[in-house]
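In the block that follows, a single chain appears as structure tokens, in the form predicted alone.
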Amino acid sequence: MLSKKTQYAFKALEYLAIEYGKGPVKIAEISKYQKIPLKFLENILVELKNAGMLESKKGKGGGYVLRVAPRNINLANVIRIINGPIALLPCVSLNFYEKCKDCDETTCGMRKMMIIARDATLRVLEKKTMADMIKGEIDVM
């Protein structure tokens, strides 16, 4: 399940994607139109900036802009930045792997099922972008 923080990150990025190329967007504007608590949003935007997705400009006319085009922001990367692993178990995570202490990975049936779930999820999330999201071009299976 996506955390509320990740859901807000998607909403903020969606707004910035719609405004892409029009100049900086104030945090208060994103907060108001996407109904995201301001303090929570500030932390999310800093994380996205530190990850290289956003740039910020201070002063009059300042705000946040996407550092890359919406078509180059895949949904899996956003989840990993804000939420961490996409996999449901740490032993099947591609980027956040941790060995389980209480099982044998070679025979664990749960691990095998979670690899299938991870791969299916990644097939979708790594191909879909913020541009797809704002265009509404997400196919529902």
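Just so you know, these numbers come straight off a predicted model, no measurement behind them. We number the residues from 1 along the sequence you see.
Another form exists, predicted together with another copy of the chain; not displayed. Remarks below refer to it.
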- Query: residue 85 near another copy of the chain in the predicted complex, any heavy atom under 4.5 Å?
  - Reply: yes
- Message: Even though the partner isn't displayed, in the predicted complex is residue 18 close enough to another copy of the chain, meaning a heavy atom within 4.5 Å?
- Response: no
- Is there a heavy atom of residue 59 lying 4.5 Å or less from a heavy atom of another copy of the chain in the predicted complex? no
- Query: Do residue 90 and another copy of the chain share at least one heavy atom pair within 4.5 Å in the predicted complex?
  - Reply: yes
- Item | The unique member of 68, 94, 113, 28 whose heavy atoms fall within 4.5 Å of another copy of the chain in the predicted complex | 113
- Task: May I ask whether 1, 7 and 117 all come within 4.5 angstroms of another copy of the chain in the predicted complex, judged by heavy atoms?
- Result: yes
- Task: Using the arrangement in the predicted complex, list in sequence order the residues of 90-128 with any heavy atom within 4.5 angstroms of another copy of the chain.
- Result: 90, 102, 107, 108, 109, 110, 113, 114, 116, 117, 120, 121, 124, 125, 128
